[in-house]
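One chain follows as structure tokens, the form predicted alone.
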Amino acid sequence: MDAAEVEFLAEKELVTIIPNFSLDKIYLIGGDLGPFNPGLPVEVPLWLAINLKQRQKCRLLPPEWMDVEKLEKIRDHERKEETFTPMPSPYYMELTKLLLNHASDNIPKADEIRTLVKDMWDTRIAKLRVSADSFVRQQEAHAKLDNLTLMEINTSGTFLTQALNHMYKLRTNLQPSESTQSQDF
């Protein structure tokens, strides 16, 4: 899975919009949406919210967690803990990127939010690198990676699987094969 596929999955997350148009309920394969009434909040998938925003048909409301004070607490907690802490959304990075790229005018303190989420990302990726390094050095066979998001796993997954594959090949080449005969004197 690549980053674009993870972003595609993130676009299914629900966000709140305030439409400036009227429309009855619409029936989609993924579920019913609406009704849409001017000025009344409604939850829709992110992909639809971005589409409506680009056509100037709505105003996006940021998710509850997309607040400077809340993100500062999450960032500070992440920095204090050795292990990965739960993130406010399984797609926090993708949602932030998409919302700030397409609706930054609807999000208060957008630049501060961008910086805080980037700080959280950097902290978590640094933890992931340290964990992977420790994992490889100790020649572990399995690891428990709680509270990682799909994008974080995707970022390091290729490197880690290749490193483990190389380690496996090295280990199997170092072990004497059963077909070699010992020399007795």
Partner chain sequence: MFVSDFRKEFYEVVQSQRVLLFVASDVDALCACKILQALFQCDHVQYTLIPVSGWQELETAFLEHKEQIKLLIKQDDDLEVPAYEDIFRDEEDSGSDSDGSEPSEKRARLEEEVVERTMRRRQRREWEARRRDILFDYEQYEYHGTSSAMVMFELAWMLSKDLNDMLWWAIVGLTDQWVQDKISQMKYVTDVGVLQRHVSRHNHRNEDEENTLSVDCTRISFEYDLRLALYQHWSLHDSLCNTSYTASRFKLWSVHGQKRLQEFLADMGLPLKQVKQKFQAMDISLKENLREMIEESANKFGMKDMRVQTFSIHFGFKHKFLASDVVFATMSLMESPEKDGSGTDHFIQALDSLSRSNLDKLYYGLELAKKQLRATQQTIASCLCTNLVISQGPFLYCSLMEGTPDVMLFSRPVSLSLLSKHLLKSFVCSTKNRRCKLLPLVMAAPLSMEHGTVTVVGIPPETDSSDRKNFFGRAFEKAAESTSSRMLHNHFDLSVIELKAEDRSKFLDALVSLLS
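What you are looking at is a predicted structure, and each value in this text was computed from that prediction instead of being measured. Residue numbers count along the first chain shown, from 1.
What follows is about the form predicted in complex with its partner chain, which we do not show.
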item: Segment assignment from 36 to 44, 152 to 160, 125 to 133, 56 to 64: heavy atom within 4.5 Å of its partner chain in the model of the complex; value: 56 to 64
item: Contact label in the model of the complex: Pro86 to its partner chain, heavy atom within 4.5 Å; value: no
item: 4.5 Å heavy atom contact, Lys73 to its partner chain in the model of the complex; value: no
item: 4.5 Å heavy atom contact, Ala110 and its partner chain in the model of the complex; value: yes
item: 4.5 Å heavy atom contact, Thr115 and its partner chain in the model of the complex; value: no
